[in-house]
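Next up: a single chain in structure tokens, the form predicted alone.
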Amino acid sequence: MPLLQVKNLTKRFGGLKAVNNVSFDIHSDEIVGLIGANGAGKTTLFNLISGILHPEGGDITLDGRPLNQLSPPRRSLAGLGRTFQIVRPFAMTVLENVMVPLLARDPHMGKAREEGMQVLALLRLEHLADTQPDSLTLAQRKRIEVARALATRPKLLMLDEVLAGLNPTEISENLPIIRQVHEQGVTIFIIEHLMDALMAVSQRVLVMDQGAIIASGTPQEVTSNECVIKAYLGEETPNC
């Protein structure tokens, strides 16, 4: 059974179908990328899966459990972790930011502190544990966002443009961290506009255009797909 199953998911905003009858599966231990032009529906799809938005049709299942009727906090408890494009860390230390979701599950302070430090070490932030986030770089704050999501102990971690706004050096430093998180047994679903970076880290890629999935496959298959070429480059292709 796939870890995540999305079937016929639909969401409208007025007359616009932002997500149009979308279906796909994600299996355990995959890294699946999601690409598409601005306005393709990627973040709306993430918001539907994480419960911020409610679909007008379709079903979402995580590890065999239906999610449609669950609130975002209950989806988190069910194993769904998610980051956001705009990072907003709490006005507390880096470690305390990571301890918040841990304490929501288990109020034992010492255990939360220990596990929080383990999460920070995985994200290479342990040396900043007692630092206030507002003094850090954007790249470091984005890692805090990932650390907080990891602290929910997710089965599926959804990363929404965690590389956006970073310089090439910062991107090259963060790609191995994403792979290391995956090696810890976390399945990853990632949105990214930086196609080269996403293709480098993803095992499989979904492509959205005008609210629909128009291609799915390995990075090599997707980049040679005629419909993807048309969606990204505007080139005429005979089969799209």
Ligand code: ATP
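The model shown is predicted, which means the values in this text are computed figures rather than measured ones. Counting begins at 1, following the sequence as shown.
Absent from the display: the form predicted together with this ligand. The rest refers to it.
Chemist: Quick one: of Arg179, Arg65, His193, His27, which gets a non-hydrogen atom within 4.5 angstroms of this ligand in the predicted complex?
Modeler: Exactly one listed residue reaches within 4.5 Å, namely His193.
Chemist: Though this ligand is not shown, can you say which of Thr61, Thr43, Ser50, Asn174 has a heavy atom within 4.5 Å of it in the predicted complex?
Modeler: Going through each option in turn, the one that passes is Thr43.
Chemist: Pick the stretch from 196-204, 66-74, 179-187, 30-38 whose residues have a heavy atom within 4.5 Å of this ligand in the predicted complex.
Modeler: Among the candidates, contact is made by 30-38.
Chemist: Quick one: does Glu161 come within 4.5 Å of this ligand in the predicted complex, counting heavy atoms only?
Modeler: Contact check for Glu161: yes, within 4.5 Å of this ligand in the predicted complex.
Chemist: Heavy atom to heavy atom, is Cys227 within 4.5 Å of this ligand in the predicted complex?
Modeler: Flag for Cys227 set to no.
Chemist: Can Asn167 be called a contact residue for this ligand in the predicted complex at 4.5 Å between heavy atoms?
Modeler: Looking in the predicted complex, residue contacts with this ligand do not include Asn167, since no heavy atom lies within 4.5 Å.
Chemist: Residue-level contact is defined here as any heavy atom of the residue lying within 4.5 Å of this ligand in the predicted complex; does Ser135 satisfy this criterion?
Modeler: No, Ser135 sits far enough from this ligand in the predicted complex that none of its heavy atoms falls within 4.5 Å.
Chemist: Go through 16-30 residue by residue and record those having a heavy atom within 4.5 Å of this ligand in the predicted complex; state none if no residue qualifies.
Modeler: Leu16, Ala18, in sequence order.
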